[in-house]
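Two forms, one protein chain; structure tokens for each follow separately as structure 1 and structure 2.
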Structure 1
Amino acid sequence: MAVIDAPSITTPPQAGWLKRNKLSIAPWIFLAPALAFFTLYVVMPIFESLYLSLFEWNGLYDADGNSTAVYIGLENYAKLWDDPNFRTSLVNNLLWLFLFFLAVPLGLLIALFLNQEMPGMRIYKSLFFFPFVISQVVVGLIFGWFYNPDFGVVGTIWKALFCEETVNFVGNVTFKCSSPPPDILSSPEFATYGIIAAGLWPQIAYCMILYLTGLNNVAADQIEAARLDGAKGWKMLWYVVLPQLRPATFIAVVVTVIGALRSFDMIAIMTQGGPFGSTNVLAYYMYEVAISEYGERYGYGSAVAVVLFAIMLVFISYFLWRMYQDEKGTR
């Protein structure tokens, strides 16, 4: 060892510690800004939320700048257990997860339909993708209006089918209906389904584009070989095409799970959790609890967030494990 450390032909004497270790120092210099920023805004807040969920706090500070939070242990979590709104949110979250998965097969279906070579096909594909590019706020507004029983599309179609139009002598139009048009977003039973349907629209578009890209890269020779062996239709799809689409399916599942658990915008726009809290999900309920008109409950809100985080963590661990397997494979 001494021989190597002594000034020799390979290392000039003026090479300092920095130069000799540059390969182990350089990555940290490249990483530092991103890591610092990410730690400050993402990593640390996660632990702060975990910690805050053990306190009762309205977000205020006293005159000396000390937080007014009071430690209450696991009491917030105990309260969650008995909170009917929390239960509704949890059930709705499961419903979102379950129904959102429809986006994966439906996206595949549209992708299979569009995977042809025709004049102008590219434009069709991009137009089919359109709903994903629009903000969820706009999608929420569109569907909120779409569902409106008085002047929305659903109401209009309903009236055309089931109502009689009468015009009185002043010229005002009134309708006589055998049954009134459904007010989807005001009904505790159907509102959540209405919102999920709206949410599926952009999500299907997302899955579709993933599959279209995947289908583009399916090995043509394998398809031809399977065709020679007489495979076609469902069998071809199931045994030959789908296995090759696995990377696309994996990402479609990842983004769909995340989309389902993150659903916030649509609910905020379409129903704000109502009617009677029936469309709440954890993401929205947390916001409502933490920053509401009735005073801020940071501790309780954090407890709701921790539960959502815990659910997500199950999926995140699975995704990371899958990625880790792939990483090992490439080395």
Structure 2
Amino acid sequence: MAVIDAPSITTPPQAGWLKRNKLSIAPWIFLAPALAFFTLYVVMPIFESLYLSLFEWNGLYDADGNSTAVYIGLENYAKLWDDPNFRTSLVNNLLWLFLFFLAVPLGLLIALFLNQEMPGMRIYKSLFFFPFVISQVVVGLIFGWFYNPDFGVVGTIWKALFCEETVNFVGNVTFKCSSPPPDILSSPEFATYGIIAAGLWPQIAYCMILYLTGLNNVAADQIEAARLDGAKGWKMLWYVVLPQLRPATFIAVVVTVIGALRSFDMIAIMTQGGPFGSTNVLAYYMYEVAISEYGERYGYGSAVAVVLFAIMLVFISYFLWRMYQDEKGTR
């Protein structure tokens, strides 16, 4: 009797490590270019600024190509606290931060208005959206003309309210005013407030867009249930709508804080830190002492940059911690 051999069982070849982990590797492949640029242009300059803040350097090299920087330790940071211009810049940054928070509730109010169904609403949305799409430089120029006491809106309104118009014998129109029109950007007391008002214009538009997006995601069934329970007006907003807008509020607060602390464009266009340095903030003061025409104090400017980075790091770390706690609580 013939013996039939049992068929041999062959095991499939083991898949390679790359093939087995392709799902976990794929995201890092897509993130790699962004992480490389972020490391090159953000992380490395941060550590370079920290290192450079320990030196006194005017940016020059000797004939042999060696840096003329002199190590002075923490002396640049000690000089900051005795520098009245630094203290003014720090106070102005805190003022920017405090007043910039007005953009969050104002953006919410405008978003609630634009979220209604009424004729011509698309035109209104476009008009309110307009400040967000134009450059900060253009905004600074517009408000510079707006505040001009001779031909700006502020000067024109002042002349209409407080000045008497006279026509001389040749037909030229002159204005006799009890007091001259205010020159906001030339006033050390009011220039900072004028620049902050200019910066609030596009920031409010940005917060409005965030809240409009959030309002589109508000659960309609919760709104209807609240109406059946008799909720309306302020109670509807406070107990039903605002809790669902927490993600939009979180992002609005974060971008508002960052925008207030890194304010530079408006000041560079409208006052260049004047009059008498009264509108300086840390970002512009860093530029002024380090790389402007009359600066060339790279170590001192780096110390200012490190202080600004530390302030931003405190706020951003707090917001990231809150976001982590919220995500942890929803699981």
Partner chain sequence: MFPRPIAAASPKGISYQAFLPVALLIWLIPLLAIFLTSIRPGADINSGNVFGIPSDFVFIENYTAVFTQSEAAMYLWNSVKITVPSVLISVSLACLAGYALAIYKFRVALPLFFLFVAGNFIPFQILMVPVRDMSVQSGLYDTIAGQYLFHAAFQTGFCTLFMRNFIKALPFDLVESARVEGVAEWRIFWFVVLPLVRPAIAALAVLIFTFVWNDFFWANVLTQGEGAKPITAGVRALNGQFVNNWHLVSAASLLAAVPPVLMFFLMQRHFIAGLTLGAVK
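Keep in mind that this is a model prediction, so the values were computed, not measured. Just so we're on the same page, residue numbers count up from 1 along structure 1's sequence. Throughout, rigid core stands for the largest set of C-alpha atoms superposing within 1.5 Å between the two forms.
A.B. asks: Would you indicate whether the form predicted alone is structure 1 or structure 2?
C.D. replies: Only structure 2 fits here, because that chain is the form predicted alone.
A.B. asks: Is the shift of V314 between structure 1 and structure 2 large enough to count as movement, that is, does its C-alpha move by 2 Å or more after the core is superposed?
C.D. replies: No, the C-alpha position differs by under 2 Å between structure 1 and structure 2.
A.B. asks: After superposing the rigid core, is the C-alpha displacement of Y124 2 Å or more between structure 1 and structure 2?
C.D. replies: The answer is yes; the displacement is at least 2 Å.
A.B. asks: Classify L60 as shifted (yes) or not shifted (no) between structure 1 and structure 2, where shifted means its C-alpha moves by 2 Å or more with the rigid core superposed.
C.D. replies: Result for L60: no, shift under 2 Å.
A.B. asks: Enter the rigid core superposed C-alpha shift of I25 between structure 1 and structure 2, rounded to one decimal in Å.
C.D. replies: That residue's C-alpha sits 7.0 Å away in the other form.
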